[in-house]
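We begin with a single chain expressed as structure tokens, specifically the form predicted alone.
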């Protein structure tokens, strides 16, 4: 079993690698320009090209993918001539890239009015601004300098360049800053950093973590309601095949699975929010509080998910139960005079749950990442809606990070299902 689990985990890593490559390729050929989205339709072509340069979008696809996967600070520190580190310079500061001097002082540079300034933060937290004039001369006679700016780039500055600021959009201001070449610094996913969101200009990791927390909260609560109800209804219908109870459960399941999530969601909002005024019609959180701190916000999304999923799982359970109850070994047990309760719970139920377990584990992944319709209807800040917005914006860092989480979740749930099979049927063994 251990060998089997390790082999499956190895396949999971391979799957994640292949998916990440495919997502990068698809994002590359998809229409749209991220820089144009950020700056708006009135930005000049020069400004758009500059922002593409600052974002690293003008680099070859394989370079951008490799940088996203393993980082690029180790490749660019030779330009700066110092080690680079991604850290908080002082308690409470945001994570930023800094060059590190031999005595531990963190340094950045910025261009202001054609002059270069050095930002220095010593090991005891003292911050100073120092004029900088240690330029090198290139083969064309220009005075240049490689350094780390305060926007997480390794930059080639040219002395005497004018500052120029472009239009502000998406929470940022595009600054020319005299730079000729820009290389956005990345730590790499394999080193625990999925990068900076091109859409929000914020680290993807904390945002994705919050969204995953919200989606997991919704999924776990919905799962706790869906599965017991669905399994119970499916088993009852399967044991009473053709009875009025079976027909009623089958009709209910067919209706709930046929109605799209957006239709049932709008109907529930109409009933419970407008007519009865019992529950809020939206799940909008104004801060980073967890959904459990305001349970009323998630009642309608959970009810919507329950209506859709209960019918589907119940129908699968019913079909599996009917098949098992008509199996020859069950008829033999009945002819031997075994108690009906023992036949159901000891001989039939375990085998009947094999198919529903597969469906249930597949739907765990759907409950976390695939409930984008429900999240959109209620404005719920989950990972599905986050990935949808990121995909519409071509925010490759956010898309890649979310895809990796979804792949890991999908493979992990199927591995759990395989392990559960061994408990339901002792004859199943994995090597």
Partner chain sequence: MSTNAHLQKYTNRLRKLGQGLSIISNSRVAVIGLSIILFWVFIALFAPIIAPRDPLAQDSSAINQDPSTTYLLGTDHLGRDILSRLMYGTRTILTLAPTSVLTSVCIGTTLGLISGYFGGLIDEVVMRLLDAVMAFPAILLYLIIIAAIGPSALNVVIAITFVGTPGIARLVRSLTLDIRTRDYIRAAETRGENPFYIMFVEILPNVRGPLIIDSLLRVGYAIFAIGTLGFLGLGLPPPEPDWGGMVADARKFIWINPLGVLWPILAIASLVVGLNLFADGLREETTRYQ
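Please read these numbers as outputs of a predicted model, since none were measured by experiment. Numbering follows the first chain given and starts at 1.
FYI, the form predicted together with its partner chain isn't displayed, but the following is about it.
Exercise: residue 315 in contact with its partner chain in the model of the complex, heavy atom 4.5 Å: The answer is yes: residue 315 has a heavy atom within 4.5 Å of its partner chain.
Residue 332, heavy atom within 4.5 angstroms of its partner chain in the model of the complex: Residue 332: no contact with its partner chain in the model of the complex.
Residue 70: touches its partner chain in the model of the complex, heavy atom cutoff 4.5 angstroms: Close contact is absent here: in the model of the complex, residue 70 is far from its partner chain, nothing within 4.5 Å, heavy atoms only.
4.5 Å heavy atom contact, residue 257 and its partner chain in the model of the complex: Yes, contact at 4.5 Å.
Region of this chain that lies against its partner chain in the model of the complex, out of 221-229, 270-278, 342-350, 208-216 [heavy atom, 4.5 Å]: Result for this chain: 270-278.
Sole residue of 51, 377, 34, 396 within 4.5 Å of its partner chain in the model of the complex, by heavy atom: Only one option qualifies, and that one is 377.
Joint contact, 251, 262 and 372 to its partner chain in the model of the complex, by non-hydrogen atom at 4.5 Å: Every residue of the candidate spot has a heavy atom within 4.5 Å of its partner chain in the model of the complex.
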